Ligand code: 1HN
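One chain comes next, on its own, written as structure tokens: the form predicted on its own.
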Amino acid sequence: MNDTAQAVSRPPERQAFYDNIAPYRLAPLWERLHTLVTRTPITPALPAVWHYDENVRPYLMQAGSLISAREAERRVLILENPGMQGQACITHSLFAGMQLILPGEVAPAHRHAQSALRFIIEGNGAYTAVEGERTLMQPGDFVLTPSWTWHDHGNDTDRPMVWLDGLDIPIVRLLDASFMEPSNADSQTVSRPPGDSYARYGANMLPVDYKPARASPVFNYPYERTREALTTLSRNGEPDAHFGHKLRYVNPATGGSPMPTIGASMQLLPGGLTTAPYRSTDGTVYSVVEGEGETVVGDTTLTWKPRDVFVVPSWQQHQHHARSEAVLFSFSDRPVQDALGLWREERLQ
């Protein structure tokens, strides 16, 4: 029953009571409880796909001719969920966008309370600098910008560089905890050589005096190593019915998520595989690295190929079908839900 129908069916004295208490910023919970505490998750987010080559890239390049990276601070086209237009989010809790850095450009240094990831879509050799260390980026690399770390981006190559941005902006906004600080310089002073963080923390070893932090001390997880791990995994056993061959990224110091609010994974789907029906409470954003296929979410079919992005909302039953061998990167808010004891999944056959 909708609110209008409920209002019509209410006894007049009850409606008068509601009208009398409203000016005092009071409201009856019993009239709203069914929409606040639901039997199962309800989300305004809808399943959707963004086709990179046909739709995203042409407009991203047009944006490159209209505004510079310095003017924009971050030249990004938001991937806005069609069920939440105007809210600048791809799920209820996460932001996603495509960022462009043209040859010779620098996206100025700043820091903010929001945690961010970069998943590289196009181009080779542009850099992200985090806390004084630069890393060169290749397609498929998973790059972190932890909360309140100085970071800037630059492109010293002769080709455009594009990556998928994922941030916890809606979570920070919900908590009214947003802070941002610009730097006095466009680029940070480089204080550590490239690869320093991986050498210190990415070889199953840690400096003897290291004390684990909330975010991973490794901020670039190269695709070359990830792909090698998935290939080896696929040779050593049968794929999981629901996931294919799937690995999650971890903070090497703790074994937990690389960031406290965003978790990320990479999975390999053998050609011809259709995964078993699955759903979970973490709405998930996918970026296609290799292969072609489709994902059926409820009664919606999302067709995808390399560099496309698609989203599966919370608690929506879905199945992936790989027409050819496929690799999918994904991220979600599962670490938050795990920490709060809220995360659930349902594996169907």
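Just so you know, these numbers come straight off a predicted model, no measurement behind them. Counting begins at 1, following the sequence as shown.
As for the form predicted together with the ligand, it is not shown, yet the points below apply to it.
Novice: Among the candidate stretches 160 to 168, 244 to 252, 260 to 268, 210 to 218, which one is within 4.5 Å of the ligand in the predicted complex when only heavy atoms are counted?
Specialist: This holds for exactly one stretch, 160 to 168.
Novice: Would His110 count as a contact of the ligand in the predicted complex, using a 4.5 angstroms cut-off between non-hydrogen atoms?
Specialist: Because a heavy atom of His110 falls inside 4.5 Å of the ligand in the predicted complex, the answer is yes.
Novice: Does Arg74 reach the ligand in the predicted complex if we count a contact as any heavy atom within 4.5 Å?
Specialist: Looking in the predicted complex, residue contacts with the ligand include Arg74, since a heavy atom lies within 4.5 Å.
Novice: Counting only non-hydrogen atoms and a 4.5 angstroms cut-off, does Arg279 reach the ligand in the predicted complex?
Specialist: Result no; Arg279 lies far from the ligand in the predicted complex.
Novice: Could you tell me if Phe142 has a non-hydrogen atom within 4.5 Å of the ligand in the predicted complex?
Specialist: Residue-level check for Phe142: no, no contact with the ligand.
Novice: Within 4.5 Å of the ligand in the predicted complex, heavy atoms considered, which of Gln99, Thr275, Ser147, Thr135?
Specialist: If I apply the 4.5 Å criterion carefully, the residue I get is Gln99.
Novice: Is every one of Phe95, Arg118 and His151 in contact with the ligand in the predicted complex, taking contact as a heavy atom within 4.5 Å?
Specialist: Yes, because Phe95, Arg118 and His151 each have a heavy atom that approaches the ligand to within 4.5 Å in the predicted complex.
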